[in-house]
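Next comes just one chain, in structure tokens: the form predicted alone.
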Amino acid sequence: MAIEELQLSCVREVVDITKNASFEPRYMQLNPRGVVPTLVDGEQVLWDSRAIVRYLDQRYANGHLWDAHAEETKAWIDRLHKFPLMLLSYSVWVLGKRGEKSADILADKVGRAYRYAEENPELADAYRRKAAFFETFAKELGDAQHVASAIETSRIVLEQLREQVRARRWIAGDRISFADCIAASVLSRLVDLGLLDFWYRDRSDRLRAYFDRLRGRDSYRFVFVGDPQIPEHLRLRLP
């Protein structure tokens, strides 16, 4: 969405994380964390979305998504970037409410990482770190109190976001920023999960109005609705 907002062209390659494509050795060589996204620009390889957008904004654009904004907006970028979407997503899937089983998914990822570590000794350390991450994450997911705390903290962030956009069009005011791009992903995912979506069900809610403005952006419609490279099974399910 940020790339669309910056009006930059790029060659895109879909990494289907539902099929563990980010575990493949070819991808891990580029991104030893085995996560998405990854940007390759000549010799430059970046894999944190904040680092990617900061780099693109500074090198190819006018800073309007990042550098031109105050520290308050940059704080929102970090706050929303830390939103525990992965934990919340897996918490919905624990009981297979949408046909998925979190325990099975995570066990497969751990086993896959250890297997790849043996098959690819040059990437063994990266794969072992990946396995350790998912082992720790599985324990966090199994801790009901930890999940409940994350949900409550997330609710507070949503309330703060609602206040932030009470009298302004975007998080930074009258200009869209990268914080809004992250918010678009966070809010879309919550609606998709049917979790912490109380604001969406109330059309008079300020947060719902903000989300509707995001959905009206050409960049949002392209990324979340009309991107021809995204397979149907990877699309968010928004009512």
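Because the structure is predicted, anything quoted here is derived from the model rather than measured. Residue positions are given as counts along the sequence shown, with the first one as 1.
Omitted here: the form predicted together with a small molecule. The next part is about that form.
Only one listed stretch (5-13, 225-233, 18-26, 212-220) carries heavy atoms within 4.5 Å of the small molecule in the predicted complex, and that stretch is 18-26. Interface residue among V35, L207, L190, L56, judged by heavy atoms within 4.5 Å of the small molecule in the predicted complex: V35. When you look in the predicted complex, the only residue of D202, D67, D48, D41 with a non-hydrogen atom within 4.5 Å of the small molecule is D48.
Although the partner is absent here, M86 is a contact residue: one of its heavy atoms lies within 4.5 angstroms of the small molecule in the predicted complex.
The closest non-hydrogen atom of Y116 lies beyond 4.5 Å of the small molecule in the predicted complex.
Within this chain, H81 lines the site of the small molecule in the predicted complex, having a heavy atom no more than 4.5 Å away.
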